[in-house]
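Take a look at this single chain in structure tokens; it is the form predicted on its own.
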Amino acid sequence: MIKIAVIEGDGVGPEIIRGVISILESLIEAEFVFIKAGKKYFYETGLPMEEKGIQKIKESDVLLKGPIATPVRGRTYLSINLRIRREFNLYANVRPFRSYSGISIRKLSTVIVRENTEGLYSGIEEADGEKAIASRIITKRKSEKISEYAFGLAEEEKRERVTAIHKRNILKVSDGLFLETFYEVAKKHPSIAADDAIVDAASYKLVKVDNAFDIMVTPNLYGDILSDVAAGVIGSLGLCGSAQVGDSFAAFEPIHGTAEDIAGRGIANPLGAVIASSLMLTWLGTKNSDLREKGMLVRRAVDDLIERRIALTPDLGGSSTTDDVINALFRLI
């Protein structure tokens, strides 16, 4: 039986994750191991995560999580997302984006493959009262690894092109290393076209040109920002799921935030979390083809629901509740 670690998260996290679990329970045999973590738990206990939380994740096959808030004022803690990435070396953050007629402003079918463990998100900072310095670390080894992942994904999904995103015109050394390493890796994959784009130009092109990119591989910060641009193009952050992948473990989540302003109102869009669960089943399906098919089934149900406007939450111009969407997916699956 599959063991799935679950962090429900903050804000709308619990309500969307519970809906996803109900779908998963109807499709697969799994044990769900719930782990307490996040801002709410921190304010209640002084701990960002229950003491045996990391151990429970290690004893599981995979992690499914909702959005987690990190306090930005007063008492705070190291981002739980960052802690999990480091603990399990989840070096690839994989975010697929797919457009829908009548909702998206451009036609788009692209995947952002974001290096997940270094760059400006290394969290190495210092300050002396007059200035603050953040260290941006780009290594050849991790640039090579994320580029290999991107080309491997292109081959697996039968995509034609991988584009490296950079700012080498300004950051000549660090982004220069990333880009040079990318092209070294590209030589090993001659069946896949390789090119590059400066990050600001890539942002513009995403908004202005249909299907501007196929697979984009990026350092950490650029991928984070471009993900929100791509989400705006397809219509909502609520339509986007994410996989954080390492060599032997992976975590899955929606890319949106905690949306605390609508928490408890029953109108949060659960589709990003549902898409994340389909990515999870597909990843688990590398060892079990039935699970891979279940993941594809979930994704097809999401696409059908959106294209036919069966149940859309307010962020997509509809009036359906979170439960309405989950119940509609049950009927489609």
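These numbers come from a predicted model, not from an experiment. We number the residues from 1 along the sequence you see.
Another form, the form predicted in complex with 3-isopropylmalic acid (IPM), is not on view; read the next lines as being about it.
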As a check of understanding, the residue in S99, S79, S174, N89 with any heavy atom within 4.5 Å of 3-isopropylmalic acid (IPM) in the model of the complex should be identified as S79
Partner-contacting position among E260, E144, D224, D196 - heavy atom within 4.5 Å of 3-isopropylmalic acid (IPM) in the model of the complex | D224
Spot the stretch among 113 to 121, 129 to 137, 182 to 190, 100 to 108 with residues whose non-hydrogen atoms come within 4.5 Å of 3-isopropylmalic acid (IPM) in the model of the complex.
-> 113 to 121
Non-hydrogen atom within 4.5 angstroms of 3-isopropylmalic acid (IPM) in the model of the complex for each of K3, E8 and K56 = no
Examine R95 and determine whether its closest non-hydrogen atom to 3-isopropylmalic acid (IPM) in the model of the complex is within 4.5 angstroms.
-> yes
Would K205 count as touching 3-isopropylmalic acid (IPM) in the model of the complex under a 4.5 Å heavy atom rule?
-> no
Give a yes or no for R159: in the model of the complex, does one of its heavy atoms lie within 4.5 Å of a heavy atom belonging to 3-isopropylmalic acid (IPM)?
-> no
Examine R85 and determine whether its closest non-hydrogen atom to 3-isopropylmalic acid (IPM) in the model of the complex is within 4.5 angstroms.
-> yes
